[in-house]
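Just one chain follows, in the form predicted on its own, and it is written as structure tokens.
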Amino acid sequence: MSKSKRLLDLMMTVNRKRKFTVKELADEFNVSSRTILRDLQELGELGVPLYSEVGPHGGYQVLNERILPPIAFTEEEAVAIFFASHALRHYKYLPFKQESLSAQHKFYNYMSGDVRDRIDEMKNRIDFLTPVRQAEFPYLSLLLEAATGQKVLLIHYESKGQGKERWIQPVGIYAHNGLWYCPAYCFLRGDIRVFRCDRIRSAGYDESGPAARDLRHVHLGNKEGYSSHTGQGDESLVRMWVELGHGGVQACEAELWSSPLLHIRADGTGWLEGEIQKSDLGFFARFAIGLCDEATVQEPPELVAEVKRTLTGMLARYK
């Protein structure tokens, strides 16, 4: 085996292992311990973050910031990956903002000149726009860490001008229309709720909180199907039915929350049907009003009354 191939294989091996000894590597690669020591030194000079420990239980380990082995991309793949990262520049807050910028910089600078020229020509001809928001999202990394680690967070959450402390177990985070959202199991409500991340004023771990639930199989793609009936919250459900015209259907298709509620007929009209929380009546009333004559609320009576109340308040402003 040539030295260059051995170094490449060694890089992949140490990235895969959490901890190893020189003897283990020497046996695996069928070379002397002295050769492995020289190879490890070269990997360190190449940027692989190795850490050595002395003693009877010592050895080597790779730090958390591991260096990935070289990967070969086609030109089309390289361009696609660059613009996938380039699109994120519109977000002022990301859970990995600096890492994204660093990766994009490395990726661009290591491309051949003709590929860089092609990217430069395309930069101002393709984009993925998102609204510019003034909101701040300082806890995205912590929320994502808690979601992947199945951990419970204590947050201070502000909604409708009121702040409350809540224990939540995040499922994930997602961005939509320039805002970040965090679906999470809310221990107060006993079910999955979606939290606006800019309304989270503080967040952190606290060992005095409730034990984490087993949500390993709950993620952003199936969270609507998760239901828990163990909560002691006082929110009740009502059944909603809203008739939609063609424009109303198109407006609902642009809303992430509408997917489980939206039904479309063959002629392009449709309706919203499903159970909603009574606490969300105000939101759905304002949404229906915004659709003007493209939406007609059929039920529940509470939602019809909320639409009338909101419209009455709006008309009063113009007397």
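Heads up, when I say rigid core I mean the largest set of C-alphas that superpose within 1.5 Å between the two forms. Just count from 1 along the sequence shown to find any residue number. In this text, all values refer to a predicted model and were calculated from it rather than measured experimentally.
Separately, the form predicted in complex with another copy of the chain exists; it is not shown, and the next lines address it.
One residue of 236, 134, 162, 208 in contact with another copy of the chain, assessed in the predicted bound form (non-hydrogen atom, 4.5 angstroms): By the 4.5 Å criterion, the partner-contacting residue is 134.
Heavy atom within 4.5 Å of another copy of the chain in the predicted bound form - the one residue of 50, 264, 37, 31 that qualifies: Here the answer is residue option 264.
Contact flag, residue 177 vs another copy of the chain in the predicted bound form, heavy atom cut 4.5 Å: Residue 177: yes, in contact with another copy of the chain in the predicted bound form.
Heavy atom of residue 286 within 4.5 Å of another copy of the chain in the predicted bound form: Residue 286 belongs to the contact set for another copy of the chain.
4.5 Å heavy atom contact, residue 91 and another copy of the chain in the predicted bound form: Close contact exists here: in the predicted bound form, residue 91 approaches another copy of the chain to within 4.5 Å, heavy atoms only.
Contact test in the predicted bound form: residue 245 vs another copy of the chain, heavy atoms, 4.5 Å: Judged by the heavy-atom cut-off of 4.5 Å, residue 245 is well away from another copy of the chain in the predicted bound form.
Heavy atom within 4.5 Å of another copy of the chain in the predicted bound form - qualifying residues of 77-93: Residues within 4.5 Å: 77, 79, 80, 81, 83, 84, 85, 87, 88, 91.
Core-superposed comparison between this form and the one not shown, residue 143 Cα displacement 2 Å or beyond: Comparing the forms between this form and the one not shown, which are aligned on their rigid core, residue 143 does not shift its C-alpha by 2 Å or more.
Shift of residue 244 between this form and the one not shown at or above 2 Å (CA, core fit): For residue 244, whose C-alpha is compared between this form and the one not shown after core superposition, the shift is 2 Å or more.
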